[in-house]
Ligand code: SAH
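Have a look below at one chain only, the form predicted alone, in structure tokens format.
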């Protein structure tokens, strides 16, 4: 799980800050020991509601009460909710991203979701763009469920989207090259680079719906699938 990110080691924050200031940005490069180099188009981090995929749109439509937007980035989801008249707090570990969100009119704080000094209550916890990825590994799921119990008000909900990435390991004959001895296949290591700014490596979790449901029930939560996305992704709601 990532701690607060220093500005000179914050590729995404610098990319968000530059796009916010100039309306354009360079390539935000993504690296992993498990995959080829990829990139995140910075413009997509500033997308409007109509530009969002259906699971994200549905998540915003399902938000109610006081909302915590986790890993909020540029604040695009928070802004949509604010425009609907909702009470929203956005958090991120990137100081640069939080500065941008504040300039855009979002109530934002630099804080790690797992920081137990942060103990406010929310009716909805929104974890968009595979927000559960911050858990890092399957072994950290107990901490995640304990944390959302602390932050949820009575009758509260968590809205999160993720993906079942087993398709990455699928062969032409329908079999899968998944090494069951090397841990859960959705545990991915990543690092990013923006211009000459290199970030530290971090763990990121993609979790299939059945595994999420199994762990949710183990820790006293109900897990419902709200909708499937177009590419092995889904939106889920957790409640207890």
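From a predicted model like this one, the values you see are computed outputs, not experimental measurements. Numbering follows the first chain given and starts at 1.
From this point on, the text means the form predicted in complex with ligand SAH, which you will not see here.
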Among the candidates 134, 79, 108, 148, the residue which, in the predicted complex, approaches ligand SAH to within 4.5 Å (heavy atoms): 134
Position in contact with ligand SAH when the complex is considered in the predicted complex, options 129, 152, 165, 141, heavy atoms within 4.5 Å: 129
Interface segment, criterion being heavy atoms within 4.5 Å of ligand SAH in the predicted complex, picked from 211-219, 58-66, 41-49, 193-201: 41-49
Exercise: residue 122 in contact with ligand SAH in the predicted complex, heavy atom 4.5 Å: no
Residue 72 within 4.5 Å of ligand SAH in the predicted complex, heavy atoms: yes
Proximity of residue 118 to ligand SAH in the predicted complex, heavy atoms at 4.5 Å: no
4.5 Å heavy atom contact, residue 96 and ligand SAH in the predicted complex: no
